[in-house]
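Coming up are structure 1 and structure 2: the same protein chain in two forms, each one given alone as structure tokens.
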Structure 1
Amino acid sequence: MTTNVSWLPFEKEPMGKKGLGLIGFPLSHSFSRQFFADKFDKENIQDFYYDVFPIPDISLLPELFNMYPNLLGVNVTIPYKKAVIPYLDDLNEEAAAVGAVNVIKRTQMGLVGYNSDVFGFGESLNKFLQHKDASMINNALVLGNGGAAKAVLYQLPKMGILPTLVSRTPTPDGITYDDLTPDIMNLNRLIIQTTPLGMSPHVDESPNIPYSLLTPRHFLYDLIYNPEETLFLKQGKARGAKTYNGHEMLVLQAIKSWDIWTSDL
């Protein structure tokens, strides 16, 4: 086994335990590691471990699984949700449709990609929109065009909501921040923030939308959970908008990940 590799949490796997983890880069903070540590402790699960693997290049994924033969699967975060796909042997139907992966499972057929963000986002957004003022929301702006945005763009139509992608540069199927006119802001009462802007420690950043056009009729959902209230949400709340962060989505996608990994054990 290769040693002295900075992205390895340990040289040898814990004896007799099945491995789970998180890949991304950098990984300064991990919700998932703490979530699963708490889950294993609370449910007295002793035959699993969960750790982080801050691999500096996605091409190292096969090496990671070769070096850890008991590694059952991993979660995938920024910036690898799309880049990981060529290194997988198969995708389930949902991940293939979304075009992004945040769960990998080692199977007899090789490494298979899944997307539990879709489930986590859909369930948490549905709870957010139970608010009495959320009736007749049929349109939404989706800020960002990364892997998380793809899960959001996939799920919204299933909930009867027409999404519009908003990014810094023009795309064939979206608009730019400069295109956000008063009419567009009025039509799209739901705004979903999927970029890393505002994530700790860069808490003074936020997407460049016209916040002055927000009203109490707007609903702002930020996939970020740290900090609990991003600058994006703060600016919306200051104008009376309802706000929701990504913590519940993370919990739900983590639960879904566990179900995927252990479904045939």
Structure 2
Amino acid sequence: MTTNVSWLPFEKEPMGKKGLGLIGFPLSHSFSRQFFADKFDKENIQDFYYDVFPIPDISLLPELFNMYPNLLGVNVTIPYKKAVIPYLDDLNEEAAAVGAVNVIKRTQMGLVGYNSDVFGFGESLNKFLQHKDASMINNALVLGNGGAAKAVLYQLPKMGILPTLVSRTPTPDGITYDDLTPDIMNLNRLIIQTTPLGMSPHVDESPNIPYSLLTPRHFLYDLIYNPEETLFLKQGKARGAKTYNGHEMLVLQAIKSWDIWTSDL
């Protein structure tokens, strides 16, 4: 099969290999491509390829799978995590609950959407909360109200933690940054940062919480992994809070993606 479509990484699908990849736009550099290249190398996996597909419009998804008959599945990133849903034949429980998909698998039933961010977040938070001072954490503030926050808000109650959404604009179930009183800051020892503040080009910004009320009893988790330490985490650390970034979540969602794609091979 040949093609001359400019957004495809190769004209001919690599022979004798099962295909995996990443869709999003634009895709300048990809953690996932490097992660899977390293994995295939280390584990001597020769019958898979993983490449990036910077499709400029999500309506091209069916065409992508038609063009590459050996494409087994893809990861999905910004800006398609929600927009991809109408193009799928089914969703698993997490993806349906969160309303966002970051893994697609081709099955006999068609294209099925999954959300491995939920797994990545849950497992990494679990590691963070193994800390000896983390017992009795039952409440958390979740800063931001985007797709990543939805995965966090879905997972926290499953871990016995009651989340409170903190948004810039009032929401029916949440509060705003102006509502963060000393009592609320004292009750919520875990704070999950899900806004883009702290990431390029916002590296000098952090969510507008009262940092002076943070203490060594607080646990700050930032979903951002680049830079390793955001201004949010720095300000927490300066007051003795424990901190954790999003790198482990990123690795764990990739590992989970692989398990989803290969579970029935």
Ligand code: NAP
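Predicted model only: the values in this text are computed from it and were never measured. Here, a residue number simply tells you its place in the sequence of structure 1, counted from 1.
The chain appears twice here, and it is structure 2 that represents the form predicted in complex with the ligand. Both Leu165 and Ala241 are carried by the same rigid part as the chain changes shape between the two structures.
With both rigid parts superposed separately on C-alpha atoms, the smaller turns by 14° against the larger between the two structures.
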